[in-house]
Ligand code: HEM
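In the form predicted alone, a lone chain appears below as structure tokens.
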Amino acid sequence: MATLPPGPRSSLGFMVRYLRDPIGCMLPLAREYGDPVLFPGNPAVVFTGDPAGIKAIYGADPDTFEPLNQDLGVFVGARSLILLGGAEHRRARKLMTPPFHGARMRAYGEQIVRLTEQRTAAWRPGQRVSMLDTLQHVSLDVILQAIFGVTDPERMASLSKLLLEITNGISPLIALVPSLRREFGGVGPYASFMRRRKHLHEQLDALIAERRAAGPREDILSLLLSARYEDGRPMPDDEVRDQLVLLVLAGHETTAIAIAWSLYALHRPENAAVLERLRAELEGADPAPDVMEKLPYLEATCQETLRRYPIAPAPSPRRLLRPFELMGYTLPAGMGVCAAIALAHFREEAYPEPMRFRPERFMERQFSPFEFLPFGGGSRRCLGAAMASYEMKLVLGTLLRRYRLRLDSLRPDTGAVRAANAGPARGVKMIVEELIARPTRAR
């Protein structure tokens, strides 16, 4: 029987490196130990960025694994899709898939453009703005209207404030170190998070009850409430609530981060030609959402952002329920395995000059789902991938059509840990230089 792959003896040094450089932290491990690499812990986890290893994980019988980080239920809900396994996961995913079909997402295009324009309408030349803060609000607006079906301004403002407090209140320490999840008599970040979570659950329970009484509508919450399992049962209200929390925590923050990284990369001086080419494409096209989403260089730019700035360097590790063969190693049951995006997206064999921001690579060849995997893969690929990609293209395209911007500082940003995501450390502060287009339509 083959021995386990090599790896560091202690997790402490890696955790420090991860907090300092969440995007580049895994590359030194692969250079020192190879790929796959064994990361110590309870349980130990084997990471791979090799397409063959990723294919083995994503192509395996889903019942070979179960979700590893069940302790995250306190943040995303114990019944959320990401924490379900086996037949339960398959049933819930089948029920939730139709509302997130790519064609349905296009019905929200006008909303996305309008909400982006509304959130930036007050920008003036010379103003300094935090792109991440702005994009968080835009993304939340989209979630509240398209997913929750909330359009009343007062209720939107109340829910938006609470949801931002929730997401921004998940510090890296309480997310990564379960032993710190103590309420300490109501004092500290975890106690504060639990109070806000209770308030959020109360508001979501009230919203679900209202929506059940209101009858059919086109928002995703209403579609979930009307969906039925094969035996005719609806999804229970507490499970619907957990799925809504997951969609916020896994959807709004990640989409906002991705667009912020794109703006950061495009406005770096070394990428001036990329920005110029993208602007030319946008200026020469109809601004309608169904046209904008098909612009090839805009799509390539978004793909290159997701490659170069992986938001989740090693998402959704899985625990083995039985022994598993991975690249010549026999891994025992109980061990974790994970497809490491932060290794796969920087492989020189697939991406020459991997640290260079070069969207053209996505127009020159097509990458396999084991080389380019920003939304994970296999049976647990991100359910909201179509919506996130669509929103990213429309928001980025709308901002670049309307404004000329520049970075407030050219100091390189290697990222910072935000909950479990790798976001810009300083929020991508930018200066508004010029308003170059009015809103696309009277709204």
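Source: prediction; values computed, not measured. All residue numbers are counted from 1 along the displayed sequence.
If you look for the form predicted together with the ligand, you will not find it shown, but the lines that follow are about it.
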query	finding
Site check 138, 356 and 400: each within 4.5 Å of the ligand in the predicted complex by heavy atom	no
Proximity to the ligand in the predicted complex (heavy atom, within 4.5 Å), stretch among 80-88, 117-125, 191-199, 268-276	80-88
Residue among 100, 362, 346, 372 with a heavy atom within 4.5 Å of the ligand in the predicted complex	100
Of 54, 387, 394, 46, the one that lies within 4.5 Å of the ligand in the predicted complex (heavy atoms)	387
4.5 Å heavy atom contact, residue 312 and the ligand in the predicted complex	yes
The ligand contact at residue 318 in the predicted complex, heavy atom, 4.5 Å	yes
Non-hydrogen atom contact residue 383 with the ligand in the predicted complex at 4.5 angstroms	yes
Contact label in the predicted complex: residue 62 to the ligand, heavy atom within 4.5 Å	no
Contacts with the ligand in the predicted complex - residues in 226-248 whose heavy atoms fall within 4.5 Å	246, 247
